[in-house]
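Coming up is one lone chain in structure tokens, specifically the form predicted on its own.
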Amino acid sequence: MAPRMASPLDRLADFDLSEQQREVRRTVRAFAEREILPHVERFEREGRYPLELIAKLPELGLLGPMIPEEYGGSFSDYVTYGIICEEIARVDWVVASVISVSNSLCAGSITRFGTEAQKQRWLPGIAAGDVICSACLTEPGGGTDLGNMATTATKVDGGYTLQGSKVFISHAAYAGLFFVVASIDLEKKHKGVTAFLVDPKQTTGITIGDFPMRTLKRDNLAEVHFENAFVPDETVLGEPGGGFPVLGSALDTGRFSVASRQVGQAQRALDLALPYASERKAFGQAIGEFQLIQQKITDMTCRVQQARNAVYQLGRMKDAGIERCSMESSMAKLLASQAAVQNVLDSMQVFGGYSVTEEYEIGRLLLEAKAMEFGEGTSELHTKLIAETMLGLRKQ
């Protein structure tokens, strides 16, 4: 018999999960609250990248949930992977990002499109925590429009030379693997896009610069410059000029993990508001007894569950073997990102002026949630993708 859930919301979150998936949630939540949460505020103030926290992930198999066991991973289903991302992001977006980038963008792409040599070269190290991954996708003038990237890959004897810049690059300064996309022919637009697996420590011509942020300072986001950086032929992932399907598949899974993480953010905002609304007194009673505060609690509860349902539906589609779920990925990302931002705003209203003091973490969550409403495609992009798919203007 499954143990009694701690709250009504736990029942909402877990009603259709297997007992194994429930156990994963309990285990990961306990780990995150014990090993990660106590350090997040301090690391953010110090702008300190959480290397020592990341080092604790492999013991529970948290760096390889999408990596096959024969390569050292702890391969699980997509829904379980989403639960892991959700529960880690509920306490820290940056550590959750390490899991997401490693699995959704890098290891997942290598598993689907890589050669056996590439799998042997990279997957065991990622699963063991020896290789931190970084996805070099976004460009200064490109943003969401990845089909019009300006970074080029020029063919030379034995490989290619990369030229261009990428921005908003997480984990770059600590990465042992760059997942890079560049064009071998700018005139061909998306048909020129090529994916590369680059070892930044063994490649000359790569410069990693600071990219100062008002939020997520502990992530040490970077600007990465490629100046005649030579990469061998064997670094091409898939086929030259065939990188757009690789990228599309990676983003499909990436949006699933990002949406899962945003559900975690939305959940955290509610988790913080509930005890405060019960304890904080005004006009002789707990503020949670006032109808307008109760309305916010209700809205937050419904909002996070709506987003979670969309994410779980997407995970089940992927577990059923549907390779591309582009519209559903957009739906999950759109709903989850909006839920995270609005839940934080509502939670801040519950906290009132205290929400912007250093004593409470809720104020920090606002910029983090809003920043990730842009990541993995803006809300405007996903709105367009959903509508065009429904209208028959775009294929899945």
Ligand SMILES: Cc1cc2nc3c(=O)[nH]c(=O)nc-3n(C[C@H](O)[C@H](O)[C@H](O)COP(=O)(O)OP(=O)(O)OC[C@H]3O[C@@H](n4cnc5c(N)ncnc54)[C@H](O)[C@@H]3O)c2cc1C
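None of the values given here were measured: they were computed from a predicted structure. Note that residue numbering begins at 1 and tracks the sequence as displayed.
FYI, the form predicted together with the ligand isn't displayed, but the following is about it.
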Check: Out of 246, 79, 229, 216, which one falls within 4.5 Å of the ligand in the predicted complex, going by heavy atoms?
Finding: 216
Notebook entry, point to check: Considering 60, 371, 345, 327, which brings a non-hydrogen atom within 4.5 Å of the ligand in the predicted complex?
Noted result: 371
Check: Among 284-292, 191-199, 157-165, 129-137, which stretch has residues whose heavy atoms lie within 4.5 Å of the ligand in the predicted complex?
Finding: 129-137
Notebook entry, point to check: Does any heavy atom of residue 378 come within 4.5 Å of a heavy atom of the ligand in the predicted complex?
Noted result: yes
Check: Would residue 253 show up as a contact with the ligand in the predicted complex if we use heavy atoms at 4.5 Å?
Finding: no
Notebook entry, point to check: Wondering, does residue 93 line up within 4.5 Å of the ligand in the predicted complex on heavy atoms?
Noted result: yes
Next item on the list: Verify the contact flag for residue 142: yes if a non-hydrogen atom of it lies within 4.5 Å of a non-hydrogen atom of the ligand in the predicted complex, no if not.
Entry: yes
